[in-house]
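Let's start with one chain on its own, the form predicted on its own, as structure tokens.
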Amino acid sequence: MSQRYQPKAEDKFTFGLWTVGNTGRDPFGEPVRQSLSPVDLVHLLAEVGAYGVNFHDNDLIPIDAPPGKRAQILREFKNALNETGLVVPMATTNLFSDPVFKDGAFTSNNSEVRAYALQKTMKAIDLGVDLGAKVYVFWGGREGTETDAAKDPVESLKRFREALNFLCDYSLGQGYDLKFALEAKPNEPRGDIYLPTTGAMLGFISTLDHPEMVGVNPEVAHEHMAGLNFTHAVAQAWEAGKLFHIDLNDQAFGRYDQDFRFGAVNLKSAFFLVKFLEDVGYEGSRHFDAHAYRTEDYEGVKQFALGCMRTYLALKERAAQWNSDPQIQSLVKEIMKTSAVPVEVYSEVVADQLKSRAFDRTDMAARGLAYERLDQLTIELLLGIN
């Protein structure tokens, strides 16, 4: 394996405890790997060169842990962070695993469940902030339905909004320097999940009391499950100033949530995603929300984690090559024709010039755009063809 693509702290590569800690259980099979402690997982990530580790509250501290056990786990985890130099950039709450959340958390029809979800999230926010998190992610894994007979979708969105408004006020009231990032997914584990795409989340954010502190955490697999272009979703979030975090993995279009190693399936899509993030200067974590194959032992898990980071670095290098390649840039310059009349900003003068200008539609329509050549050059660059 080439030594060229070794991760460094400045790459800001992070993994969740639930990713490298996944034991390989699936709906049809029992675990194939022994469960490791959070301390063991921190050391595993340090060994492969990760920058940080993220967690759900119950990845770190079991939901029913007594106070003494909780304090011990937290103390040992902090020691592991200090020993390895890993940081905690992001945290989140598990509002989907426990049976109490079978009908959702913030959107549950049971007001007691909704109240418990708020309590659990406040405590988890406290935990995340204590460990240094600056971003708090909300994935509504059970915020949905299997039948529209069960829930009023308008009332459900109202409940979700009220919960986020409450938690924003709580964070502000505590003086936390924290941003919230909403994560969309179209389905699974519910038949349908509310706010299923990044675009839907962006529209919802504008209805909140504190939209300035709420953004999105788009995930490759979740948009690909719906057959959508992930880079376009990320670009929309970036343009809106709402790309607060990002989950990197891979996914065959239209399948169940596969969470494959980054770049393992759609390499060209991964390339354009990396190119976009690097071109615009995204400064947040590159978080890998993916799982090793069920076939692997923990040596294979290490290779999986290394593979995510090495693929990103290799594609980052290819993106720089794309940006400096003479043939590619010559085509790009030719494609980006400049109008003789500026049309970016309205004025009466510009409007009058446009209305009076004679356009040759036939000539414009007849011009080839060389997109085939540009795409082929991109493929050849990715394949290493000189």
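For clarity, every value in this text was computed on a predicted model and none was experimentally measured. Residue numbers run from 1 along the displayed sequence.
What comes next is about the form predicted together with a small molecule, which is not displayed.
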{"item": "Residue stretch of 231-239, 78-86, 134-142, 100-108 approaching the small molecule in the model of the complex, non-hydrogen atom distance within 4.5 Å", "value": "134-142"}
{"item": "Single option in 286, 190, 185, 179 placed near the small molecule in the model of the complex, where near means a heavy atom within 4.5 Å", "value": "185"}
{"item": "Heavy atom within 4.5 Å of the small molecule in the model of the complex - the one residue of 293, 166, 96, 253 that qualifies", "value": "96"}
{"item": "The small molecule contact in the model of the complex: residue 92, any heavy atom under 4.5 Å", "value": "yes"}
{"item": "Proximity of residue 278 to the small molecule in the model of the complex, heavy atoms at 4.5 Å", "value": "no"}
{"item": "Close approach of residue 209 to the small molecule in the model of the complex, 4.5 Å, heavy atom", "value": "no"}
{"item": "Residue 257 within 4.5 Å of the small molecule in the model of the complex, heavy atoms", "value": "yes"}
